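Only one chain is given next, in structure tokens, and it is the form predicted on its own.
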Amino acid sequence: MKYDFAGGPAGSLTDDTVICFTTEIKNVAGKFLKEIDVAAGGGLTRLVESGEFSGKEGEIASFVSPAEFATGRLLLLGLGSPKKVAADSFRRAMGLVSRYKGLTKAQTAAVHFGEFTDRDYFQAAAEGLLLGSFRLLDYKTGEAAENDNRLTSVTFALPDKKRLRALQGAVERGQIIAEGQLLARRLASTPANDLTPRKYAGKAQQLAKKFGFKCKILDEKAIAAEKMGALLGVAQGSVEPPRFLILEYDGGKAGQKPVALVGKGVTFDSGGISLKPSLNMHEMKQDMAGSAAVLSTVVTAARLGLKLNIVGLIPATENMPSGKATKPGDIHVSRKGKTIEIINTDAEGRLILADALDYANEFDPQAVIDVATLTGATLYILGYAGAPILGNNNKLLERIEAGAEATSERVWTLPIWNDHRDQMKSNIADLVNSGGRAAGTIAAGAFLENFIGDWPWAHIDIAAVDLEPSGKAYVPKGASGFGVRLLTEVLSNWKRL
């Protein structure tokens, strides 16, 4: 996609389609809306009077060849109540229009912001355009594999040319962040036979070379040398060997302690001996969505040139049943030396995260944030609306909450009480890997807490938000890429805790 920037009135834009915005209206008032109404021969007034258009969120009014406008089509997008307009209003509006035929059948388009001049609006609009139009066509054939979206060029415009630099900077940032989220969607959507741990490691190395960060891969022998018994215990049932990915982006000063991101990378989760039901098991190729968010965030940080040192740690494995697979009742020894009694082999994510969290100590980090599709119990806490978070440092949790507010990737903080810690104790080992159904999301966090070092830590459980079940404005049905915008926002505004 080619991007341009322009200053001047909307009527002067010559692109095939021009997009403008309005908040809710009861009648056609104000200079700009009156200009549209005159150009459309009173068409806007008729739409408002008939109730077909009122500027509510999600509404689109389309005018073909409006007089005195240079464009062939004008689209007016509703943002909803003027009291509730925020950056996500523009993200949602552009996400919806990104699939509208009045836009996709055009070759060139312009987005004119009119009197909406907040930088966050510009960035969000750019994000929504890319995120909403995402389609995975890699595995289609014939005509179905052809992208019918003809749009090749988008101009972002303002009435005042003096603000074009701010517009350009915000749009370019939005483009990079959206492309990072699309990378996470693509990774999570890739079939498990095309994204084994070894292939995943290879993909990470390609991205590191392209975007200028380091990527070290530990194979099964190196993992064993690190005594990552929990990771190896999960991997032993599969013919595919595990990998441990170490990503390092050095954007900060030499000697600056890094912020570490840890992502669960189960490239397919059958449940192991504790086999999952067959219904929807195909979705378990996405059990590496947390790691996809981490890898994509490191890529995004490198592209944005963030002034921060960042480490990404990804334990990658399959969880499969076989004659060699871990059995319920087995005991594994983690890298930290703690023994873990396996109650349920489908509670595998916390096992591989345990070794990764302990490995984070090698980098003496400022803080560690892990992201994982960890517990189905999240669905019964927040549904598909947001991700539970928990941790040991209120300031870090508050920063994640602030990032969530800014990006609309919503989170909610849960406590860890001693009751939950007791739930994860074993009678014959140090810990159990499953404490049963009660408070499952928190109990999993209480388990992970045993493997953190002397640093601030936060855990983000994305098990219900990694996959969009029906499709929303800028999140089509399928992998969501949740976490990339959130983590990028947190890292972009990072200050020592």
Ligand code: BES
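Owing to the predicted nature of the structure, the values given are computational and were not obtained by experimental measurement. Quick note: we count residues from 1 along the sequence shown, nothing fancier.
What comes next is about the form predicted in complex with this ligand, which is not displayed.
> Tell me the stretch among 255-263, 302-310, 226-234, 340-348 that has any heavy atom within 4.5 angstroms of this ligand in the predicted complex.
Looking at the other structure, the answer is 340-348.
> Would residue 158 sit within 4.5 Å of this ligand in the predicted complex, counting heavy atoms only?
No - in the predicted complex, heavy atoms of residue 158 and this ligand never come within 4.5 Å of each other.
> Against this ligand in the predicted complex, would residue 267 count as a contact residue? Criterion: heavy atoms within 4.5 Å.
Outside the cut-off, so no.
> Are any of the heavy atoms in residue 376 no more than 4.5 Å from a heavy atom of this ligand in the predicted complex?
It does: once this ligand is placed as it appears in the predicted complex, residue 376 has a heavy atom within 4.5 Å of it.
> Can you tell me whether residue 324 touches this ligand? I mean in the predicted complex, with a 4.5 angstroms heavy atom cut-off.
Flag for residue 324 set to no.
> Could you tell me which one of 36, 460, 442, 463 places a heavy atom within 4.5 Å of this ligand in the predicted complex?
Only one option qualifies, and that one is 463.
> Using heavy atoms only and a 4.5 Å cut-off, determine which of 62, 450, 45, 434 is in contact with this ligand in the predicted complex.
So the residue touching this ligand in the predicted complex, by this definition, is 434.
> Going through 394-416, which residues have a heavy atom within 4.5 Å of this ligand in the predicted complex? Please give them in sequence order.
Heavy-atom contacts within 4.5 Å come from no residue here.
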